[in-house]
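Only one chain is included here, represented as structure tokens and corresponding to the form predicted on its own.
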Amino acid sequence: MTEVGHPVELDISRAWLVDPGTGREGPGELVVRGGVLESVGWLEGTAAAGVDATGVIVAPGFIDLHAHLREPGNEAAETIASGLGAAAHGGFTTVCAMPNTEPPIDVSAAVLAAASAAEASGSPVRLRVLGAVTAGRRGESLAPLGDMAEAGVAGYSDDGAPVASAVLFRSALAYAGSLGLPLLDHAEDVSHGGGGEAADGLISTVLGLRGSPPAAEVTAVARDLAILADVVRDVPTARLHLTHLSTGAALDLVRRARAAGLPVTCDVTPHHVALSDEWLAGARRFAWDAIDDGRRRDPWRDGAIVAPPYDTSTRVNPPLRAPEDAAACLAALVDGTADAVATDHAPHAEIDKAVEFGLAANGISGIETAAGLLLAAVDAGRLPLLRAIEALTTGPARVLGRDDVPAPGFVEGRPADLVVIDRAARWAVSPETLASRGRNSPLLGLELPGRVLLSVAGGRLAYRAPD
């Protein structure tokens, strides 16, 4: 049996192939020899009989634009090695690590140290490091962006916090653009009640939690887009990516900005698509089931509350929003306003979550459950399978725009980069089935559709499901 890190030999026949590179999906077969994709064939007629998207599917390996791997400084929550293992379990073969570590990744030496840790892990999953925008992520002065570019960063972000200074944001956007790299911003205006515990609305009021209004995100997005419009006149290569957008109003701003020709992209997370603020009260239904004929259903009256309230694994920033906002995130994903799904994988040690709700660290450990949540939306008829795969592959690849990230697709003669999923299988999310050190997921105890059988990165085995 091939071991993790070794070249793979594969003969996959009568599977459902999803190729976002060509926009094609259907019955097919492929052969991998010595880690190289030797041949791809599409089946037709009687040879394709009985093969559909409910069985085994094969897609290019997923790309995550946004993960927190915690090393250095908080290895109890995650290490680069454990994070790459979790990524492979989730079907991801490229992972972008956020720089909010301790100390932050804000100098070239820290970038190179992260790359060395990835190499030492033995995982073939590619690590792409994002450098901090400001020194120490303190928002006071720019970090050495040029030096980090030479060290190989994929872009820049102060995620976990916004770049509050408009002057610094403008300078960073122009500098990053001149280097050909994107700036990924955490869009939050903290003057609108920074530190909110939940989305402002019915649920936060009933639970007595401090609310974070949609305006905190919307005003920040509006500011970022206005600055981008100014910067691109002088630096046409400037690129802005807005990460983990969670409100319909903010997504509408992006939709209009793109129609006007601004070089802006954005992503949504699986949890902002599939979950809603009802989960803080103990509901465990998907967000699309919380709306009936365009109106929000009362979770207390219709029996949706099945778990205790104040589960700290549901505390995340931006917060889980109302079902209407979740529907807007899903709609943006379907119509392409949201270029990508990014996990915002945020593992935490138990000590940081087993506290009072208002004291709990923000974040969901989500890189292993991302595909399952999207496939749940596919199963519900809310999201086409091809579009879900595009949002996990070609979408994030376009955001990065990097030559060292293979263009997702089935290309003969190239090292295989793929994920094999049993769509007919469901798997139970539990501490025992998660590879991440962070078990802080509100999905524990639930089952998700689509079991990852195999992940192959650069022709080498990254993950194989146990027999």
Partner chain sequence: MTVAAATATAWRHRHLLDVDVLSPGEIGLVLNGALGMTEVVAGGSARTATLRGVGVTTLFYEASTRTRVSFEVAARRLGAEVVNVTAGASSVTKGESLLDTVRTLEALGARMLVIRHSGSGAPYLAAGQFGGSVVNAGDGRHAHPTQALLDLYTLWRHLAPDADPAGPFLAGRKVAILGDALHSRVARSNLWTLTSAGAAVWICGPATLIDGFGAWATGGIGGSRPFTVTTDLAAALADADAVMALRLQRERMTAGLLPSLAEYAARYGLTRDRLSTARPGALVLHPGPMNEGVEIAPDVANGPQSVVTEQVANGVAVRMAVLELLNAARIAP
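Numbering follows the first chain given and starts at 1. So that the term is clear: the rigid core is the largest set of C-alpha atoms that superpose within 1.5 Å between two forms. Since the model is a prediction, treat every value here as computed from it, not as a measurement.
Omitted here: the form predicted together with its partner chain. The next part is about that form.
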Suppose contact means a heavy atom within 4.5 Å; in the predicted bound form, does that hold for all of Thr205, Trp300 and Val355 with its partner chain? yes
Thinking of its partner chain in the predicted bound form, which stretch from 303-311, 172-180, 231-239, 106-114 has heavy atoms inside 4.5 Å of it? 303-311
Using a 4.5 Å heavy atom cut-off, state whether Leu359 contacts its partner chain in the predicted bound form. yes
Look up in the predicted bound form whether Arg138 has a non-hydrogen atom within 4.5 angstroms of its partner chain, and give yes or no. no
Arg256 versus its partner chain, in the predicted bound form: is there a non-hydrogen atom within 4.5 Å? no
Is the gap between Leu383 and its partner chain in the predicted bound form 4.5 Å or less for some heavy atom pair? no
From Leu330, Ala222, Leu209, Leu262: within 4.5 Å of its partner chain in the predicted bound form by heavy atoms is Leu209
Is any part of 58-78 within 4.5 angstroms of its partner chain in the predicted bound form by a non-hydrogen atom, and which residues would that be? none
Comparing between this form and the one not shown on the rigid core, is the C-alpha shift at Arg233 2 Å or larger? no
